[in-house]
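Only one chain comes next, encoded as structure tokens, the form predicted alone.
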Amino acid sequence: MKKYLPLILLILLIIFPLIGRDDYHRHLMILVLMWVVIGTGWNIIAGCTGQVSFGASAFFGVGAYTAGLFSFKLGLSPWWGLAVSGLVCMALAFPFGWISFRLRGPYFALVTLALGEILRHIATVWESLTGGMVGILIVQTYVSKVPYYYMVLALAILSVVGVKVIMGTKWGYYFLSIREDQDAAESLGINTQFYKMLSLNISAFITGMVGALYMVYMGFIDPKVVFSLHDISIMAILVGIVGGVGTIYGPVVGAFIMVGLQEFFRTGFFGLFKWLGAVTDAQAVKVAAKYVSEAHVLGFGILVVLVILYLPNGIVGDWGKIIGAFIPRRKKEVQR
């Protein structure tokens, strides 16, 4: 049954826009699928290759600005920007990786963090190119959310399937060997610098593509949104940790949980506090609703602590443990 779960999920995702006609739910599913792609991009460099990165926002932002600038500056369709955004991010990832992969462990993580912050400042102060804090506004191609939904679904499928295929090849085995012990991998003749660069470029390509699609879908970006450390880079890490670092389907599960949890808090427990406030007309309830709607970070923290304590391999990685907790094993009597 377990091997059919991805296929069942895929069928449900394909027919979802035909079942649910509410734009609110379609928008949430588009965000979920975008996080599947971002989480998959982070997972291949951090989870599979062992190079912990805070740079998801850097490549996401560059991809978004690539699509935006095609329309804002060149007067072309932002879809052309979507077509080349992955390549632009790879062009950024190559020199960055060549320099930064001389560092290991927390030092590499700090450098990736700095990259996103540097690009955010550049996009803020270079107003003649990026519009600064005013941002870039473009006209959306479609009024309906259905075309965007199927585009991001296709990108999510290609990302997950692509990473699965890569991890089954020689590249994937080299990535895993670098994650487990880089020195041992080098002693076996593996060019660790090259394969870390390869992993980073795959991650940058995937993340840049979804960044461009975000620009085309939302129609507006600014540096604070697309280069956000918390909302992009940290969220990508949380998606990977909760779903399962180094697993193929971990980012899929993590994206559904994290977006659902964020919306749970944002809406005040799916409108519960709003309903209580209307019924009771109590000021305390209204104040509590305000704080609850802003407490998603606390919810994220509690969830991550619980996952680290009880499911260190994430939900997908420790799926057997979860099933075992709800379905007790039958005790076999041993006859002597």
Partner chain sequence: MEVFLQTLVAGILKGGLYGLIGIGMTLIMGVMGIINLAHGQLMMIAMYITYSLFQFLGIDPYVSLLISMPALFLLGMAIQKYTLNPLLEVESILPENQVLMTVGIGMVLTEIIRFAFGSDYKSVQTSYSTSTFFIGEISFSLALTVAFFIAVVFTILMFWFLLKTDMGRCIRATAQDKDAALLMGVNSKRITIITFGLGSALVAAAGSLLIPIYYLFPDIGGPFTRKAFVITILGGLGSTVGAILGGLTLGLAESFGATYIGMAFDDMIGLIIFILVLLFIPGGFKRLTKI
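Remember, it's a predicted structure, so these values are computed and weren't measured experimentally. Positions refer to the first chain, counted from 1.
This protein has a second form, the form predicted together with the partner chain, left out of what is shown; the following refers to that one.
Student: Can you pick the one in Gly75, Pro106, Gly168, Gly189 that has a heavy atom within 4.5 Å of the partner chain in the predicted bound form?
Tutor: The option sitting close enough to the partner is Pro106.
Student: Is the gap between His121 and the partner chain in the predicted bound form 4.5 Å or less for some heavy atom pair?
Tutor: Yes.
Student: Can you check whether Leu69 is within 4.5 Å of the partner chain in the predicted bound form, heavy atom basis?
Tutor: Answer no; every heavy atom of Leu69 is more than 4.5 Å from the partner chain in the predicted bound form.
Student: Answer yes if any heavy atom of Ala154 is within 4.5 Å of a heavy atom of the partner chain in the predicted bound form; otherwise answer no.
Tutor: Looking in the predicted bound form, residue contacts with the partner chain do not include Ala154, since no heavy atom lies within 4.5 Å.
Student: With a 4.5 Å heavy atom cut-off, would you call Ile44 a contact of the partner chain in the predicted bound form?
Tutor: Result no; Ile44 lies far from the partner chain in the predicted bound form.
Student: Counting only non-hydrogen atoms and a 4.5 Å threshold, tell me whether Leu110, Ile237 and Ile302 all contact the partner chain in the predicted bound form.
Tutor: Spot residues vs the partner chain: full contact, yes.
Student: Among 189-197, 159-167, 79-87, 122-130, which stretch has residues whose heavy atoms lie within 4.5 Å of the partner chain in the predicted bound form?
Tutor: Flagged stretch: 122-130.
Student: Which residues within 208-234 place at least one heavy atom within 4.5 Å of the partner chain in the predicted bound form?
Tutor: Contacts from 208-234: Leu229, His230, Ile234.
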